[in-house]
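Listed next as structure tokens is one chain, alone, in the form predicted alone.
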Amino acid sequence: MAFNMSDFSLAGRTTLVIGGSSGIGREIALGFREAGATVLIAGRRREALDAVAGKLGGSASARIAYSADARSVSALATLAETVEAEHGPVHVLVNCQGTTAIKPALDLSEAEYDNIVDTNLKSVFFACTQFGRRMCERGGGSIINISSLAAHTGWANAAAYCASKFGVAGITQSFAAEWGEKGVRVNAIAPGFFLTDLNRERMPEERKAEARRRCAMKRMGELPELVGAAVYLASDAARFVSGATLRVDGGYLSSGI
């Protein structure tokens, strides 16, 4: 089987980005469109969804933006059923939903913990199973989970976030092992430090400076720099890649402790 540059194309594929209304998810959704895919997005904020849908070329006759609370298993089940009824099979699923609370573990409330784990881990688990079940039945598909550097090492003042992202790394490998023989690939991307709506105001300035200092490239990432990794993992160019976490961190983890 010879390599062909067309292997990177997503033409003819239907993709769904959960968390596609902002930040990393928005950027990946726009990148998938440039790669030729039909792009659908889901999230909780209707106004933000509509804004991105406009950039994706959505119209009243072809709904591409879906309001859904991914923390709810029933909402995910409804999303999977509705999307398939309106667009046919989803070939690529991206789980980009996420939240955090930067504070000492001793000060973290049960409600804050539950919100972080439900958003970052529970929703990813059940989104994978809802859409993965259909992919397994069809004999193919690609799932990409957005992980984090926090899935590789602990961070002070982010214990619940780290726990959730370690969990994402674990289920990514587990699903890859379970579904590989059914033709379903499950991978993850671990972004380094990128300024997004999630962390722009929450990350202290000294932490931003430390991130730049410790990164091998001495800077923070630009969101478009994540798109190539997502397109690759979604495409036939990565047809034998499963259970992997692709770090897009400017060499941060390679720089040691």
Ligand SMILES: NC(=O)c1ccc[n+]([C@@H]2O[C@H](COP(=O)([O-])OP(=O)(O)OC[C@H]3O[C@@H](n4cnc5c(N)ncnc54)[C@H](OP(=O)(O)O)[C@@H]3O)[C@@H](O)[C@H]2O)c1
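This structure is a prediction, so every number in the text was calculated from the model and none was measured. Each residue number is its position in the shown sequence, starting from 1.
The following text describes the form predicted together with this ligand, which does not appear among the structures shown.
* Please state whether every one of the three residues Arg45, Ala68 and Lys165 places a non-hydrogen atom within 4.5 angstroms of this ligand in the predicted complex. => So, yes: the whole triplet contacts this ligand.
* **Segment that reaches this ligand in the predicted complex - one of 210-218, 32-40, 228-236, 189-197, heavy atoms within 4.5 Å** => It is the stretch 189-197.
* To do: Could you confirm whether Gly98 comes within 4.5 Å of this ligand in the predicted complex, counting heavy atoms only?
  => Judged by the heavy-atom cut-off of 4.5 Å, Gly98 is in contact with this ligand in the predicted complex.
* Asked: Quick one: is Ile24 in contact with this ligand in the predicted complex, heavy atoms, 4.5 Å cut-off?
  -> Although this ligand is absent here, Ile24 would touch it in the predicted complex, with heavy atoms inside 4.5 Å.
* Could you tell me if Ile144 has a non-hydrogen atom within 4.5 Å of this ligand in the predicted complex? -> The answer is no: Ile144 has no heavy atom within 4.5 Å of this ligand.
* Report whether the minimum heavy atom distance between Ser148 and this ligand in the predicted complex is within 4.5 Å. => Result yes; Ser148 sits at the interface with this ligand in the predicted complex.
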